[in-house]
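Presented below, as structure tokens, is a lone chain in the form predicted on its own.
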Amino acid sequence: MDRRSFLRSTLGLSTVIVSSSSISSVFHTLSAQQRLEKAVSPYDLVAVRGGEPDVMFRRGIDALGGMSTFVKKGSRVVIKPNIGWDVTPERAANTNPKLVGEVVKACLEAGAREVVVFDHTCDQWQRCYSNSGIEKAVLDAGGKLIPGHSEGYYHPVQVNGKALKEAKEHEAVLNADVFINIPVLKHHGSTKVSIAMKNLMGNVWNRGIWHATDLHQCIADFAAYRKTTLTIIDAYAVMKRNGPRGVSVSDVTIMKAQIISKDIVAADAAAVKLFGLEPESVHYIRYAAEMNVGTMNLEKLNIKRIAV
């Protein structure tokens, strides 16, 4: 398959129907290759489709060399999902709890000293943590949840961006050895979509300044300052309208997809194509690419496509 056809099938530009028996056969014959990929991954980005969030994550992270590639023994890991809204998982306003729990497990299996999960929520934080299903998933997996609702948790940092000069960032991120960003792909009224770079707004206290200044440029500026170890985009259930909170389950389309990359710009670019837009149409993606935070040109990347 040439790269253009590959991108179409990977990023939702066309529909490909493959029987389950064919998929099983292909993956069985590639088991030796998969073991090689686990040792040394040549891929810039992995796009997975067709499974449950936890299963897709395990297949995707294995293709990137396994979680031990990113999490060393004794590491302090901070995971930042979207937990901003007091709604249940089927509304898809927050990251899928099954995915968050599986990432926590994988980090601990890799030898992390501790795995901490938090968000600076928009609705009341305890209800967000509980009703999103993420609190239970994290605790069941052996991780810790910490609050982000008080300014005392945040400390000044110099960003020195084009529009954003400084911010107050959560101390958990400042003290982390590994920072993993797990946003949900969804519609957003101010920025068209909310994905990985937009999800970093949950790291900071004074985000109202971003809206009052130049939201897209501030998002790109902070992405340049705050480099993530790994980005895992949840596109299992995607809110296509009325974001970022949504109104009902009728706003949601089931896509059963996931994107994993070290490059936050590439991850957002791939996700926005799943959403049905071009990366350059979302200003913060274009700004971040122009600032060399990452690449939005997917043609330049070595992408692994996995069907579950």
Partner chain sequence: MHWLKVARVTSSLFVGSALTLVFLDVFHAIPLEVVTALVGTQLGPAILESLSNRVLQVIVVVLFIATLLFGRVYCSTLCPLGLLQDLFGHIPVWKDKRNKRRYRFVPPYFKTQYSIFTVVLVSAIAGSYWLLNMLEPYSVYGRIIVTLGVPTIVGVNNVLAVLLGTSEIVYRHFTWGTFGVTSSLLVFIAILSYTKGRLFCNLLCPVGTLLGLVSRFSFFKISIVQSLCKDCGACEKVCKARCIDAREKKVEFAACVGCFNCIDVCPTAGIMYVGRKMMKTKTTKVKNSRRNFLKATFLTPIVASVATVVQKLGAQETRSRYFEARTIPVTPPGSRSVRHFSRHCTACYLCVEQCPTQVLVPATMQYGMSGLFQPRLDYSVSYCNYDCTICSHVCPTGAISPLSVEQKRVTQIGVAEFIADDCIVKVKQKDCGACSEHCPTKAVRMVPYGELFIPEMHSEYCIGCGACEHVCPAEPRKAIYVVPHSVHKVAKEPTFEEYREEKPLEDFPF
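Positions refer to the first chain, counted from 1. Computed from a predicted structure; not experimentally measured.
From this point on, the text means the form predicted in complex with its partner chain, which you will not see here.
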| item | value |
| --- | --- |
| In the predicted complex, segment of 102-110, 147-155, 175-183, 67-75 with a heavy atom within 4.5 Å of its partner chain | 147-155 |
| Non-hydrogen atom contact residue 264 with its partner chain in the predicted complex at 4.5 angstroms | no |
| Interface membership of residue 169, its partner chain in the predicted complex, 4.5 Å heavy atom rule | no |
| Residue 55, heavy atom within 4.5 angstroms of its partner chain in the predicted complex | no |
| 4.5 Å heavy atom contact, residue 230 to its partner chain in the predicted complex | no |
| 4.5 Å heavy atom contact with its partner chain in the predicted complex for all of 190, 241 and 254 | yes |
| In the predicted complex, residues of 271-298 near its partner chain [heavy atom within 4.5 Å] | 273, 274, 283, 298 |
